[in-house]
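Encoded as structure tokens, the following chain is the form predicted alone, with no partner shown.
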Amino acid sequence: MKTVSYYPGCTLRNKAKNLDFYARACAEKLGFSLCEPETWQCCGGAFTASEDEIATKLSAVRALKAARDAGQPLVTVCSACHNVIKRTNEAMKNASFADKVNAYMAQDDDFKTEYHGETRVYHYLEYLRDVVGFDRVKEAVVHPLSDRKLAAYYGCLLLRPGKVMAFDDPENPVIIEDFLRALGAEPVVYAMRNECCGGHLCLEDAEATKKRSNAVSDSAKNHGASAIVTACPLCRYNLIKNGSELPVIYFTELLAEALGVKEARNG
């Protein structure tokens, strides 16, 4: 069984345990194993664009470096963690920025070689698409979701900035819809699927956040969806907190249902 490095992030340790649990269980079912770097730390939750801001990026770089030293790609699940790690990895390809980071990391007890962005970073969905293959996922399905009309919700962090994240077309993404088709479900395409839920405003302007969240869930409902599918714990929190009439489900839980993993756990 192939082993890949895996960065779970903090939220998957508490509020988003199902996102993590089912990611691990489904990986085993599909022939790969997720292995955490031993000393991973919080990624910080947000990428700071200033090239002079070094300290907040060190934990992400250490996880990236650990994956490189293990000879493995680094897989993430949480949208926020993925955004931070992918953008940090790209920043480390800038020699000036990398020199500053490596100067800090040279003080680590286990520091041996500098890091310059060598690790391949995948979101779990990308790994399914690009390495495992959605055809292989489809073959592994034992409980097709053939009676489900599901709305993929991308949000902001998986798609933007588009050239760095390179996750999918930021204006017309298809990866989650293709994933849902592999599970036997019918994807619902709706106007707000790649718009912001207002998460960045939730403490500053709760009313604006509610308006944006409701626009997403109402759009999905009006296009006939029975549930919303996401990879982002903050998006899920906002949609539910602000009154979504549709269930909001992590994509890994749907995958577990289709593969029979969820049934086995409940049993």
Partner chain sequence: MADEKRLQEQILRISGVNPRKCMKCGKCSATCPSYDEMEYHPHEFVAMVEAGEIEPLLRSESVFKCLSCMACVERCPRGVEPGKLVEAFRLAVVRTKDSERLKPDDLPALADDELPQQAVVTAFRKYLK
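Not measured: the values here are computed from a predicted model. Numbering follows the first chain given and starts at 1.
Heads up, the form predicted in complex with the partner chain isn't pictured, but that's what we're talking about next.
In the predicted bound form, the partner chain sits beyond 4.5 Å of every heavy atom of residue 30. Within 4.5 Å of some heavy atom of the partner chain in the predicted bound form lies at least one heavy atom of residue 48. Within this chain, residue 242 is remote from the site of the partner chain in the predicted bound form, having no heavy atom within 4.5 Å.
In the predicted bound form, residue 87 approaches the partner chain with a heavy atom inside 4.5 Å. Contact with the partner chain in the predicted bound form, judged as any non-hydrogen atom within 4.5 angstroms, is confined among 64 to 72, 32 to 40, 219 to 227, 49 to 57 to 49 to 57.
In sequence order, 14, 15 are the residues of 14 to 28 having a heavy atom within 4.5 Å of the partner chain in the predicted bound form; the partner itself is omitted from this view.
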